[in-house]
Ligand SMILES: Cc1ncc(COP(=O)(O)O)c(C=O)c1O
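Read the single chain below, which is given as structure tokens and is the form predicted on its own.
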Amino acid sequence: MDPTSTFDATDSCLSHLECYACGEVSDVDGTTGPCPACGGILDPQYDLDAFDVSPETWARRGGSMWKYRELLPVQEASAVVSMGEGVTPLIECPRLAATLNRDSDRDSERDSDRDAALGRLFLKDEGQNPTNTFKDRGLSAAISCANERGVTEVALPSAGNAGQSASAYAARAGMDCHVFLNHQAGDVKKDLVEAHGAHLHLSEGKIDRAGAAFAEAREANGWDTVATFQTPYRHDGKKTMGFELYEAFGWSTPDHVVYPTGGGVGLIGIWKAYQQLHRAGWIDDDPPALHVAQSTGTAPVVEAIEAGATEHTPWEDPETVARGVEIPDPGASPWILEAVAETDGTGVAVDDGEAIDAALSVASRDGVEMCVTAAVALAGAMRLAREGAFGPEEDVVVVNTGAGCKTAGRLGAAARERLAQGSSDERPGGSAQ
């Protein structure tokens, strides 16, 4: 099937928007977000009594994440802006899993009760989206909803990937797009924002400075926002990762999902997908344990999990090469922490070196390319496995939010350094038996 093929109707069961913070209900046609009552996050709600679709129908469809259109927020099929995003593969990584279990066997010599570190290890490879990250799911939904309302100009602040994605989808929709980045964003992202014809606005400092510049310019110009959690629709698009994941497991759930967490949009989406399918009667299993992975240089959510808090404390002086998780003040932390608590998940923070090592390990053993931000989750999963957090027969899914090409220079430099040092265990072709 042509991934950009159209369909006659979405049959969306969207009913209204509800504020996560205060519960205020808003009409879909009259509100774009945030909540008009308290400024909180608006969440699309669906009439599941009208959800008259079978799993077999969804399974037969292909082409893009819009195969799940009944539980997506666009009501006019002609408004959908798609480039074949979604339907990304779930890739098993047996060689890396064998390495972790081999390490566990070594530890068992000191601890006779220690079992294998985990059962099967999978990567949900979002790097195979049109602009090579999971951001395409959220921006396809947000730009489509803006398109449905006749919007002609959108804007957002970004660490890089969301800006690149927004500029691509806005170009496809024929919209003007303003992207606010800081100077340290990767050259690939900055170059491709401009290649798509968007207006690139650069700020000094960290992402909070880009966010402040965006807020000021948006107020002055009246642009429509497609920023995280300012639009109600980006996290709703991200929930299609969860739909695909549960479909791949036969409308069941894996035991664990480890997610690289900055703003936490995708983790919330995966949690929301479970809740909707469980209420619809498609899934009887308990939810997967949702684990937050962050960098030791910016770990406000992990810190909150470890403290048993229901909200984070903003992180001072964020610093990590994993720019996608360098979010010092994630506004949705109560929602993230709720998802972790409700699923018996946990949090883990890893340093930059661990993330780079993890990316090289899976590339050299199982061939999958990960950017450094995504590898924070893999490094976190590897740490949790070695600490005995997973059962010996449990399935663990790591969400690979972006392709290795996003940070190819850094990964290449690290690989060459390893080769120069003669590290036979980790270099490409190193033994994983």
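Model, not experiment: these values are computed from the prediction. Counting begins at 1, following the sequence as shown.
Below: the form predicted in complex with this ligand, not depicted.
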| item | value |
| --- | --- |
| Heavy atom of each of 44, 138 and 231 within 4.5 Å of this ligand in the model of the complex | no |
| Interface segment, criterion being heavy atoms within 4.5 Å of this ligand in the model of the complex, picked from 178-186, 76-84, 263-271, 212-220 | 263-271 |
| Contact of residue 256 with this ligand in the model of the complex (heavy atom, 4.5 Å) | no |
| 4.5 Å heavy atom contact, residue 71 and this ligand in the model of the complex | no |
| 4.5 angstroms heavy atom contact with this ligand in the model of the complex for residue 169 | no |
| Residue 402, heavy atom within 4.5 angstroms of this ligand in the model of the complex | yes |
| The unique member of 312, 124, 238, 291 whose heavy atoms fall within 4.5 Å of this ligand in the model of the complex | 238 |
| Selected contact from 227, 118, 159, 332, since only one has a non-hydrogen atom within 4.5 angstroms of this ligand in the model of the complex | 159 |
